[in-house]
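Before any questions on binding or motion, here is one chain by itself as structure tokens, the form predicted on its own.
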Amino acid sequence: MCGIIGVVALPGKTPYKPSEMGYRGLLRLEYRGYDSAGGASIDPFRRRIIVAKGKGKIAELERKLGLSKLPGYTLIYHTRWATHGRPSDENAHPHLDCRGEIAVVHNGIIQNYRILKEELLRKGHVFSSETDTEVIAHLIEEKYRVYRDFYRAFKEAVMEIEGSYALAVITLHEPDKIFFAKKDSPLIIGVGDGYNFVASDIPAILEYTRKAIIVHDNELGYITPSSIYLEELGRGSIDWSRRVRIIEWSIEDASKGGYPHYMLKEIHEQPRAIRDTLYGLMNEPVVVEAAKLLLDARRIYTTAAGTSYHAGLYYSLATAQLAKQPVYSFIASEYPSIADSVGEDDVLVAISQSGETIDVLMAVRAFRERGGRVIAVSNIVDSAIPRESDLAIYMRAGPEIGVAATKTFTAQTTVLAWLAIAHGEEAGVLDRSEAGELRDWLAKAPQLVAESIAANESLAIKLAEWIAGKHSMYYLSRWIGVPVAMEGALKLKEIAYIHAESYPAGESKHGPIALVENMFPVLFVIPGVDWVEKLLLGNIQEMRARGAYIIGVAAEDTGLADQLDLWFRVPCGHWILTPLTHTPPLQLLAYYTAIRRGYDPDKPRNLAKTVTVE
């Protein structure tokens, strides 16, 4: 996820030059991950906005561009994680309007940017980047032509954009102010003495002030060196003085948002990651292109490794149900056994969080060499696998620092559910109403995932105390729940170092049940589907008869409640949401079990975040 810091100051009132403060704050945001960075300032002598930005690391850009040496007392800085447009100098923030009088930095996804851009192009605006953010600068410019009042123009522009955003804007029209607005993406105000900040996260300001105001959704306003104006859209000004918070965290703690580990932070970030992913998918033409490509395929394959492979299994099951077309899933490292059967009419869906996983990349190349078409699903814009694919669909999960994948799994399955629905609609299996209903369920996912996390964290902590002393565990399910069970078992292995085996529950009596003894933990992922529950009932009873301790992850309306010794209750929903609602309790259980056993879940032994060697 991108990082923002803006500072506005009175001469002689800051502990450092304002540009040094902005630059040092920007360095504090590096942990968020980025591919480019930049800054803009108002030169008080030449009455112009100076922009320094480019692709690369902050230290490298400092040597080339002098980010810490920008003139003036009103500045905004940004680290960019690409979502619209490849990582490049042109796509780096800040972005300017046509006249160079307005500079904008932005975190989030502008859902309706294509519509706005087309309107602005018709009115003569000229764009210099591929980003959704640049639209905001031109939209404010257009509004200013009408109202000749900058704050009103800014507010009118904010009311017209749809999606998620944290905005910081400077302008020559009011050079002693930074304008800001927030919806769904984080933003804070740092309260100083003769200087004030806006920032996307607390670490950026901690060196200079411990007084912060958390900006809420649909709030906007501006800061000057000595004042703050805050209002809620449609409701008027806010007495912000009651919301000033004293931050007691260290800078290191603050970079984790107050969480003890990045993994726990990223588990809690899932509602935001899913929401941003959905915003990016809405009205995205590449999804329709991909669905048409799949519809015309002779055979569809999906490939991935680790957690992404589990997402691919979910996709294969969802597509078979919604589009009535089989999908063949294979582990990426096994591509040589598949490649020779590939033909020109075959399509591969290649899934990789990093876009650099070497086995997946080799599978992509093998398919392309034989005339196959490739659709990439990745979290990193313009990474190797999307570059070498015919089409690329991106998650918007933001950077994931913990080695064990959490928010990227739920973001991947969000993308793949959306793709399966589009495929089903193109195939005529789903009519418009049915497809719309499924998308409506996905739109509810951010809230339902938040509820799943909140409802189950304390129970995960309690259960982890017991699981921490176990040597082995089963994770079982049927149909759409099997990939979720596999992901849960993988997490326990990865970070708590407990053997955990997952398989379709019907396989129990074909060998694995021999290991079950008194108080052996068996966890069942229970999707809210009648026929699945009826089959799982028999499997649960088989395990119970041999002394197993039965743990369930199921919705409130499950018919199996009386069969469970312990129950993670998840929100009721459609089966398509199973990896979204049912996975967080499994992540929390793995996390707290690792903590109980004294391990660092952010740095599991023998593992790396991205596997780029064969």
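In this text, residue numbers run from 1 along the sequence as written. Everything quoted here is computed from the prediction, not taken from an experiment.
Keep in mind the form predicted together with a small molecule is missing from the figure; the text below concerns it.
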Quiz item: Which pick from Leu490, Ile188, Ile540, Val482 sits with a heavy atom within 4.5 Å of the small molecule in the model of the complex?
Solution: Leu490
Quiz item: the small molecule isn't shown here, but in the model of the complex which of Ala153, Leu281, Ile247, Val403 has a heavy atom within 4.5 Å of it?
Solution: Val403
Practice problem: Have a look at 213-221, 307-315, 340-348, 524-532 and name the one stretch with heavy atoms inside 4.5 Å of the small molecule in the model of the complex. | Solution: 307-315
Quiz item: Does any heavy atom of Thr357 come within 4.5 Å of a heavy atom of the small molecule in the model of the complex?
Solution: yes
Quiz item: Should Gln270 be counted as a contact of the small molecule in the model of the complex, where contact means heavy atoms within 4.5 Å?
Solution: no
Quiz prompt | the small molecule contact in the model of the complex: Ser352, any heavy atom under 4.5 Å | solution = yes
Exercise. Evaluate Glu494 for contact with the small molecule in the model of the complex, applying a 4.5 angstroms cut-off between non-hydrogen atoms, and reply yes or no.
Key: yes
